[in-house]
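Okay, so here's just one chain, in C-alpha cells, the form predicted alone.
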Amino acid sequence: MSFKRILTITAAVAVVGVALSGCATADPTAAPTATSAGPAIVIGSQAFSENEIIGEIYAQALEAGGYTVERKFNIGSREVYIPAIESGEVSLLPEYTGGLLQYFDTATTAKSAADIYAALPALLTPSGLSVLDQSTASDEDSYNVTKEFSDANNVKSLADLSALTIPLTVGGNSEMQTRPYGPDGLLSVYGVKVSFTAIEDYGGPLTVKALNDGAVQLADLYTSDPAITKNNFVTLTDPQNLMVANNVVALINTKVFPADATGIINAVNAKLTTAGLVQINTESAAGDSPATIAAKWLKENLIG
C-alpha cells in the first residue's frame, strides 16, 4: 500500500494540503505514523452494515493519510445521529442525499441526483454542516414483494397496487412510517392504503423473513441489498418517483472536520459505485467484517 498513491488520486479529485510523505507500505488496518496534527476525526455510521463499511473505508483512508480516527459506528437513525454531528460529537458520517434532504425539508420536490445535491447546502449551512462530493453510487429505499405475490396479483409497479382489494401491510424501520415515501406517500401519490409494521433491522434478516413468511406483503429494502436477488423478490417500479435519488455523500461538521482531509474522502467517493455497494453488501452477508471488507476495497480501488 503506497501513501503516495493516495496523494496522487486525491490530488486528481481535489487539491488538498495533506502531506503524505514517502512511499512506505503498510497494512491499511494498521495505525500509521501521524502526519496531521489535531484531535481525532470521529466517524459515525448509521445502524446497518453498508453504512458502517463505508464509514470504515473513510476511516482507513484517513488513517493511511496520517490522521487519527475514532470510530463511533451504529448510532441509529437520523433522529439520533443528526444532533450528534451538529453538536460536533461526530465529525463525519456517510449519508445518502435524498434521505438527508427529506429529513431537513419534508416538502421538497427535488427528485434527481443533481437537484437534490444542489438543494442541500442552503439547508445544512445554518447547522454548521456540509456535504463533500457526492458519489455516483446510489442506494435507494424500494418496495419489494415476493415473486409469488407479484405473479398472483399481477403486480410489477407501485401503481398496480391500487387495483388490489386485499389488505396490504408494509414492513420497515419505524421511522419509515413518517417518511415522505412511507404509507402517507403511497396513499397521496398512488392512492394505495397500507398498514405499517415496524421491523427494526434496516431491511435485514427479520424484514426478509417477514416478507417471505407473508407477515407483510411489502417490504422496504435498499436497492443494493443482495437479499433481493437471493430471495427472488420483485422490486416494484416507481413511475411517479415517490422514491428520490439517494447517492452516497459524506456529511461533515465544518467546525471539527479538518479541511485538508476533504480530498481523501472525495477520492473515496469518486471510486464508489452502485455495483461496488452490492459487492460489499454481498461480502458482509457472507460474514466478512467491515474492517476486512474496507481494507480489501481500498486495496482494489484506491491504495493499490
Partner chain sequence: MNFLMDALNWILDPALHQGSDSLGARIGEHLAYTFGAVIIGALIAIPLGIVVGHTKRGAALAVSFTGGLRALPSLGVLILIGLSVGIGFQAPLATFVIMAIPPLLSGTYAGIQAVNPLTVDAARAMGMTPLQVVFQVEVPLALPLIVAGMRSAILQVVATATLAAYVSGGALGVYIFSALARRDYPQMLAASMIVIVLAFVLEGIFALLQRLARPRGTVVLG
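Positions refer to the first chain, counted from 1. Just so it is clear, the structure is predicted and the values come from calculations on it, not from any experiment.
Not pictured, yet referred to below: the form predicted in complex with the partner chain.
- This chain is displayed alone, yet in the predicted complex one of D115, D105, E175, E140 has a heavy atom within 4.5 Å of the partner chain; that residue is E175.
- With the partner omitted from this view, the residue of A122, L206, L187, A152 that lies near the partner chain in the predicted complex is L206 [heavy atom within 4.5 Å].
- Residues within 4.5 angstroms of the partner chain in the predicted complex, judged by any non-hydrogen atom, belong to 193-201 and to none of the other stretches in 123-131, 193-201, 143-151, 156-164.
- Within this chain, A215 lines the site of the partner chain in the predicted complex, having a heavy atom no more than 4.5 Å away.
- Under a 4.5 angstroms non-hydrogen atom cutoff, the partner chain in the predicted complex lacks I228 among its neighbouring residues.
- Although the partner is absent here, E79 lies within 4.5 Å of the partner chain in the predicted complex, judged by heavy atoms.
- The partner chain is not drawn, but in the predicted complex it has a heavy atom within 4.5 Å of A210.
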